[in-house]
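Coming up is one lone chain in structure tokens, specifically the form predicted alone.
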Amino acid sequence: MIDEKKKEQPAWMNFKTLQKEELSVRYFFQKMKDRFKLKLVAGETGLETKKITDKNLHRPGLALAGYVGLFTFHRLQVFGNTELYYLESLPIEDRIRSFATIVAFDVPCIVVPNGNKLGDELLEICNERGIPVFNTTIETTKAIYFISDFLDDQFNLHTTIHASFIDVYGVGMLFVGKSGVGKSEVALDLIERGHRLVADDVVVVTQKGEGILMGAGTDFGEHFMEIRGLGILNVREMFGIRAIRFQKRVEVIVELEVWDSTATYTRTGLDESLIHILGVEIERVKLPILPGKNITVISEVIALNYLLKHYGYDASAAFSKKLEDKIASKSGDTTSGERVIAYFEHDFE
């Protein structure tokens, strides 16, 4: 028996956990302006110098009223209806004084949703201090949701894994293993059978929410594959739009390895193997490669078996229970060696 703890960690597992510490306001604007109808109305000089360092947003109602004890000024500031109506209720001098309380801090930028606008006197202050102000017609609740979702993607933990990532029957399967073991070839065979490529060679995996990992390719290598002896293929151009997708949840790790007669492989599937990536448990299947073994079909079965377990049926557990019940019943309906087969009546095919 091999001591698993003493075995060297596979090369594909030696990935680094990464996390952004800051985001330029210009990058935020470039990525968001078309999708979420952002319009820059003040503070253009701050696009380069201002940085977003927190994925959370802040609505500065209390700060406008004068209480700055808990003012998280380093976050992106959202001026919703409450903040705008409060400012408009003040005389012009008090309005400027209240707003000056906010911009006295190093605020990265301000987003004004719901089609509202800051007054010209307030925009002038933002121009002087280089604080970008963005308007959007999207209502406040949706704007907060969209922006928070974008910042989550940017600031959440992520890593890159050398793998092939395929959507098989709706299950996100990450094929890993040593270089040259055949990950891309298995992926190509699955694509030819109607499944969908997410990424090949370099897969960016991001922690998305509690217990969820999302995988995608890089902008540079998007839906290209390298097949040794053949070269570079563009899966989208060759197989069509139905053969690709841009992102998918990572649900199963399939570790391909050349058959090792000294290694231990599961025979029953009762001992579930899990692996931690970015703090999330992912099911892991070690798949030995042998001549004549159809890895593609087995991969499809892995996906189907995962779906069955997801919806409440575990074949390994069901068989084990059936065996235990048989042993416990001490059935005397047959002697050792007899065949107990109940044929269907009048069915002679």
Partner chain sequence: MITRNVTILNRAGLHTRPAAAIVKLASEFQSDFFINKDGFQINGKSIIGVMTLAAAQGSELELSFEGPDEEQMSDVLVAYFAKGFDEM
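Because the structure is a prediction, the values reported are computed rather than measured. Numbering follows the first chain given and starts at 1.
Another form exists, predicted together with its partner chain; not displayed. Remarks below refer to it.
Asks: F224, F71, F239, F155: which sits within 4.5 Å of its partner chain in the predicted bound form by any heavy atom?
Replies: Contact residue from the list: F224.
Asks: Though its partner chain is not shown, can you say which of T141, S148, T266, T160 has a heavy atom within 4.5 Å of it in the predicted bound form?
Replies: Of the listed residues, the single hit is T160.
Asks: Using a 4.5 Å heavy atom cut-off, which stretch among 127 to 135, 257 to 265, 108 to 116, 225 to 233 contacts its partner chain in the predicted bound form?
Replies: The contacting stretch is 225 to 233.
Asks: Is S329 a contact residue for its partner chain in the predicted bound form, using a 4.5 Å heavy atom cut-off?
Replies: Although its partner chain is absent here, S329 would stay clear of it in the predicted bound form, with no heavy atoms inside 4.5 Å.
Asks: Though only this chain appears here, would E185 touch its partner chain in the predicted bound form if you measure heavy atom gaps against 4.5 Å?
Replies: The answer is no: E185 has no heavy atom within 4.5 Å of its partner chain.
Asks: Can any non-hydrogen atom of F220 be found within 4.5 angstroms of its partner chain in the predicted bound form?
Replies: Judged by the heavy-atom cut-off of 4.5 Å, F220 is in contact with its partner chain in the predicted bound form.
Asks: Check K178 for me: does it contact its partner chain in the predicted bound form (non-hydrogen atoms, 4.5 angstroms)?
Replies: Flag for K178 set to yes.
Asks: Counting only non-hydrogen atoms and a 4.5 Å cut-off, give the residues of 15 to 34 close to its partner chain in the predicted bound form.
Replies: Sequence-ordered list: F15, K16, L18.
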